[in-house]
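One chain follows as structure tokens, the form predicted alone.
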Amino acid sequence: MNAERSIQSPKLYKTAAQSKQSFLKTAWKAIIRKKSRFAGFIIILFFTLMAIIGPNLYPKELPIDSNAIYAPISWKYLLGTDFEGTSNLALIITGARYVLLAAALGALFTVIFGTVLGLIAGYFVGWSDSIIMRVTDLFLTVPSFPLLVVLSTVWNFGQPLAMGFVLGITGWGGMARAVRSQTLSLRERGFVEAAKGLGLSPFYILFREILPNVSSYIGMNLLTSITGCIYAEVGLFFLGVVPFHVNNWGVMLNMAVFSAGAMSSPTALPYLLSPLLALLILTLGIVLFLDAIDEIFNPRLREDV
């Protein structure tokens, strides 16, 4: 028996490695198939590297220059400066880590909560479905942004994990309902009935048979949730309802509008436009990349190509 295992294990390991390699190759082909998808991928990769490496390129306390307060765009200051003479480009780069990490965690929590609860509700139906859906309706009824404002008064958002968790627990309702609907339509299909007939566990059926069939929808929602989380957290900082513990694009917007008077003073306009430009480019990249996600996780689209 042990000898048999020792012979089969390398084969299983090789099969799993080949499958992973095949998926990566398929994903790369889907990305480079269209220029718009590849452009979206490059933009997302650029911002990801900015968030990971960028803050390490600057000192913890960014340099200030009293002689360059609200300096215009120039070769020295590519995006101008703020009220202390600090480069807006440096503020954008150092603030990207918090913004993107909090948004990624928020989207991840949203997808995990929504997917797990939607799968359980759609597969088991009965009383578990009723309880989960009533809780889901409760979260869908409560406006998420006002709830975030209330939570911000008692929650410390100094760390991206805290911000991401709060964004996740307030945004999973729609995801749960959509996954439940798709699970209900899949649970009567032949391959699920066959799995039940073989005596496979509900856990195996849910996560190995049904989950791959909704992975396209989940992947697209993961990316769209990232944009939603970015807008929500930047909005909280912009409104000033969250203490300014860290450098953040929302903090820049708040300071530019309410302190620098950028809406009426052209000299502070670069300070306002810099974070808006970063948000615009990042959102554009995510939108362009959504098309590739659909093909990567949808086998039918791959077969039609």
Partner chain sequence: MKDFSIRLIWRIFSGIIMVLVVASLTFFLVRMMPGNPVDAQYNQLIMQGMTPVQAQNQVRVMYGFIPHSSLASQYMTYIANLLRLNLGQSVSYEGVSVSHIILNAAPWTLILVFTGLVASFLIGVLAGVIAAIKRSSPMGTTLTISGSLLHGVPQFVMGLLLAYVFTTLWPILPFGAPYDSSIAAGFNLPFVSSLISHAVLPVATYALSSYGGWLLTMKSSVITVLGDDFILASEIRGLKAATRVRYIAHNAILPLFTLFTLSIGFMFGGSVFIENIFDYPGLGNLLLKSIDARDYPLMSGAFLLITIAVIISNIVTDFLYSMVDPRIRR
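These numbers were taken from a predicted model, which means no experiment stands behind them. Numbering follows the first chain given and starts at 1. Heads up, when I say rigid core I mean the largest set of C-alphas that superpose within 1.5 Å between the two forms.
The following text describes the form predicted together with its partner chain, which does not appear among the structures shown.
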property	result
Segment assignment from 164-172, 178-186, 228-236, 200-208: heavy atom within 4.5 Å of its partner chain in the predicted complex	228-236
Site test, Leu45, Met50 and Pro212 vs its partner chain in the predicted complex, non-hydrogen atom cutoff 4.5 Å	no
Listed residue (Ala194, Val150, Ile73, Ile112) with a non-hydrogen atom within 4.5 angstroms of its partner chain in the predicted complex	Val150
Contact assignment for its partner chain in the predicted complex, among Met263, Leu62, Ala39, Ile69, heavy atom within 4.5 Å	Met263
Leu276 within 4.5 Å of its partner chain in the predicted complex, heavy atoms	yes
is_contact(Phe258, its partner chain) in the predicted complex, heavy atom dist at most 4.5 Å	yes
Contact test in the predicted complex: Val142 vs its partner chain, heavy atoms, 4.5 Å	yes
Contact flag, Leu280 vs its partner chain in the predicted complex, heavy atom cut 4.5 Å	yes
Interface residues of 112-137 toward its partner chain, as seen in the predicted complex [heavy atoms, 4.5 Å]	Asp137
Core-superposed C-alpha of Asn56 shifting 2 Å or more between this form and the one not shown	no
Core fit, then Ala268 C-alpha moves 2 Å or more between this form and the one not shown	yes
